[in-house]
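This document opens with one chain alone, in structure tokens, the form predicted on its own.
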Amino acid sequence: MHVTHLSLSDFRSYAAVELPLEGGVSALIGPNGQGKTNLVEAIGYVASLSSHRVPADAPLVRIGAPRAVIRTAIAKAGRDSLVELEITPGAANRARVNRAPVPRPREVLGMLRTVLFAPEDLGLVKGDPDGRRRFTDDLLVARAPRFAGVRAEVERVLKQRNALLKSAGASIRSGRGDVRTLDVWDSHLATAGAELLAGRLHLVHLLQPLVRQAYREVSGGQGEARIDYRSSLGEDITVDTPPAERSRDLLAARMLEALARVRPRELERGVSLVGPHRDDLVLQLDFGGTQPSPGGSGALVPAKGYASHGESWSYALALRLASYELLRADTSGDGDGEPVLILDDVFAELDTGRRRRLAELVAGAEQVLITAAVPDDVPQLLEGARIDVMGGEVRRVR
């Protein structure tokens, strides 16, 4: 799978741009602020229907324009396809596949798979749980696009349920309100939330050995990365829970029980306290006696707050490399599982050892798109096509 052409209209800084691409390595070179990241951001948006830089769509539309359009030509398993997305702030976005409209944009999910490395990835290690939940759910959707609907349903139910908790809390606490409506929303949250939770648990179970191996390779064997999942349902719900005990039905029953227990506190606070929106991907480092752990706190420590800057980068890279390996392994034999690798201004952030090891790990990918301020930021092992980006214009150099 690789992108053969990108066309933008009124996207970010571009009024219009045409960018032919090919398999292998392509490096987009130019000073900061010239629009390199805007190009790879557009490709990532086609794969995930979201930006890695901003949470809303409005900033993606060029100032003064009513809408933005992304057109991406994709070659996959001997077939060519064209995906078009129209982004309109304040209105529903629209999508077309091979010039034909589709009912809703999320129908295009799965047509292009990307794994994007960016400086923002440090937030996966150092930031709040919502970033790690998003990482998990984005990968879940990339593997199985149906989870986009599950994710949207959980968000819809939480919005309605929280509104009810805020508006009806006082009357229900006083005995004047009717709890039956809240019971209905509890049931909806348990059903959709359990499906999302089951998917996350299975995903993290698959990621565990891949993250461990990728961290060893990126860090040069300095410690071991260990990931797990922390559920609001209780400490006994982990990726090591036997599959029969983390089925959707059992998880839904557990969620209903938990919701019943916390209802008084939810009514008091006006917010949902149980569900996948309260969970976290647990990132830890195990030094296993090979070196002193940060702060002298033992061999196993949380990555957040204890990992050095270099260790945090190694962990963030390991999460993305593991994602790439998992997606590549999903192929059914037709090449669909090979994602496009995007490295957005990453090498400038890395020391020499990590830069070299990352280059060695990604050099064999079907398509690698790199952005860099200067040519020297691109490792020699990843030399390929070069495209200069300056003042909103793109020019192929080699």
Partner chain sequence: MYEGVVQDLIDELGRLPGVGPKSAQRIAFHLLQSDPVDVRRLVSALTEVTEKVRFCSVCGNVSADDLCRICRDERRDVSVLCVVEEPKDVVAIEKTREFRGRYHVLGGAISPIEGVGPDDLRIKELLTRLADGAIGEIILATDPNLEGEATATYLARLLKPLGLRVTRLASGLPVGGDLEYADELTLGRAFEGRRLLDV
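Since the model is a prediction, treat every value here as computed from it, not as a measurement. Numbering follows the first chain given and starts at 1.
Keep in mind that the form predicted together with the partner chain is not shown, yet the notes after this line are about it.
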Problem set entry | 4, 34 and 113 all contacting the partner chain in the model of the complex, non-hydrogen atom within 4.5 Å | no
For this session: Determine whether any heavy atom of residue 284 comes within 4.5 Å of a heavy atom of the partner chain in the model of the complex, and answer yes or no.
Result: no
Exercise. Looking at the partner-bound form in the model of the complex, is residue 307 within 4.5 Å of the partner chain by any heavy atom?
Worked result: no
Exercise. Taking 4.5 angstroms as the cut-off for heavy atoms, does residue 226 touch the partner chain in the model of the complex?
Worked result: no
For this session: With heavy atoms only and a cut-off of 4.5 Å, decide whether residue 313 touches the partner chain in the model of the complex.
Result: no
Problem set entry | Sole residue of 79, 99, 265, 159 within 4.5 Å of the partner chain in the model of the complex, by heavy atom | 159
For this session: Could you tell me which one of 86, 280, 120, 183 places a heavy atom within 4.5 Å of the partner chain in the model of the complex?
Result: 183
Exercise. Which of these stretches, 197 to 205, 184 to 192, 266 to 274, 131 to 139, has heavy atoms within 4.5 Å of the partner chain in the model of the complex?
Worked result: 184 to 192
Exercise. Taking the partner chain in the model of the complex, which residues along 46 to 63 bring a heavy atom to within 4.5 Å of it?
Worked result: none
